[in-house]
Ligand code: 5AD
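Quick setup: one chain, the form predicted alone, written in structure tokens, and binding and motion questions come after.
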Amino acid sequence: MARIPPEADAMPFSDKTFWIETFGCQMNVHDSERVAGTLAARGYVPVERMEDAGLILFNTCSIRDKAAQKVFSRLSQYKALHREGRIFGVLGCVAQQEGEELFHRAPHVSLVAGSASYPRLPELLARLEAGERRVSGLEPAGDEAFETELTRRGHPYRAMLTIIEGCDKQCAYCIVPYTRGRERSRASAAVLREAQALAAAGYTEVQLLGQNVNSYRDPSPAGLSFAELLAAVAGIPGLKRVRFTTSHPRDFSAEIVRVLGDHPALCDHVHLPSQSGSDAVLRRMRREYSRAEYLEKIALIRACRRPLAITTDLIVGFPGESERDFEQTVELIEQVRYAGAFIFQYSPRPHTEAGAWGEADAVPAEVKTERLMALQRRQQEIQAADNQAWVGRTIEVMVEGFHERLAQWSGRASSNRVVNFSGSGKLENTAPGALPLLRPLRPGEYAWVRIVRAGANSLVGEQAPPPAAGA
């Protein structure tokens, strides 16, 4: 390991304002909320601009090389603030991946902490406040999930709720088991208490999170399965929508589909990463299922009592991927007809099996780019065609905001499709005999929208009365 530069003179840290920039997935976004809650409990105050913060934190993602490099670019871009007395910290997956080497790559960083260290944040912060120049929390994850009451929610009406951390799968390309550790599920009682508190606070949509969310195993005597936990959360009064991500096909079951059909509060959406349509590539990826087994899971979802949108993740250019392997992935999206897909080029990651394979089976960069563009183009064509089926339907949309330039509201359907719509607002309840009052919609409210047009990435509609019962 390269030598870490000597410490500068240590001084107590007194500017208790903070700013967090988050990279990566929804798990990271929610981790930032929990970190912000811990900071607030120690008297730190959030600010709107990085330049105004005494403590600047980057909560990082290392799932792809570009995400990790972006963090170092940001650190370099703002290192001048360190000379003004600002304290920098790197949290999350890049911190765990790089370890104390990060102090060498970015000498102005004072805190390096992986996600497994978040329960120790009060202690790490106290050391920073006392004047320590370099503080690290890099211990491996233990057997218990991170529990905290100190969550500073960044969203006023949609809340995220982690139910399981880490991953026991050993996919050849994935760094998550190294950076996040083994699977640790939260006790069902703790999950339900948090969900009930969110409903009581006025949140109407909750998203259950985990690297492999359907691998959830209740560690408490209650012993709830993931499907049973889903049903319990969906039954909490006040919660109108419950989502979950990300599912692993290996652990996706008929019981989950049955619960989705039985509980209207569970959203009409399943995210089920396939990663490839080729058995040969799936074996090299160590995905633990075949194409046929994956399609059996898709058939289960399609057989649900109500239609469910299916989205996925796909990797192109995995080492050894032949032209025929790629064609099988194209055939998979044409067969499944996903409502959406996140498609990425493979990039080797440290601490992974595939990352150590070298260049022997590497797919040339220009071929990966061509395949990425071709797969994205075909997926867009599928979405554009299939979304036409929504034209003429009236659906419920959670309002997220208003586009002044377009004079349209924007929101999401239960299926997670983006919906842009025009509308006159919401009628307020008025006294008997009084004229009704119309006010603008507000983010977090729900509106019924009749779809009049559809594109590949969104639906367009007009505010409408709710459909008649049974329609």
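Small disclaimer: the values here were computed from a predicted structure and weren't measured. We number the residues from 1 along the sequence you see.
The same protein has a further form, the form predicted together with the ligand, not shown here; the description that follows concerns it.
For the interface check, one of 371-379, 340-348, 185-193, 251-259 should have non-hydrogen atoms within 4.5 Å of the ligand in the model of the complex; which one? Stretch 340-348 is the one.
Would you classify residue 386 as touching the ligand in the model of the complex, given a 4.5 Å non-hydrogen atom cut-off? Flag for residue 386 set to no.
Contact with the ligand in the model of the complex for residue 174, defined as at least one heavy atom pair within 4.5 Å: yes or no? Yes, residue 174 is a contact residue.
Report yes if any heavy atom of residue 87 sits within 4.5 Å of a heavy atom of the ligand in the model of the complex; otherwise report no. Heavy-atom contact with the ligand at 4.5 Å: absent for residue 87.
Are any of the heavy atoms in residue 50 no more than 4.5 Å from a heavy atom of the ligand in the model of the complex? Judged by the heavy-atom cut-off of 4.5 Å, residue 50 is well away from the ligand in the model of the complex.
Which residue among 353, 100, 313, 296 has a heavy atom within 4.5 angstroms of the ligand in the model of the complex? If I apply the 4.5 Å criterion carefully, the residue I get is 313.
Exactly one residue in 412, 30, 64, 426 has a non-hydrogen atom within 4.5 Å of the ligand in the model of the complex; which is it? By the 4.5 Å criterion, the partner-contacting residue is 64.
Residues in 274-290 with any heavy atom within 4.5 Å of the ligand in the model of the complex: Just 275.
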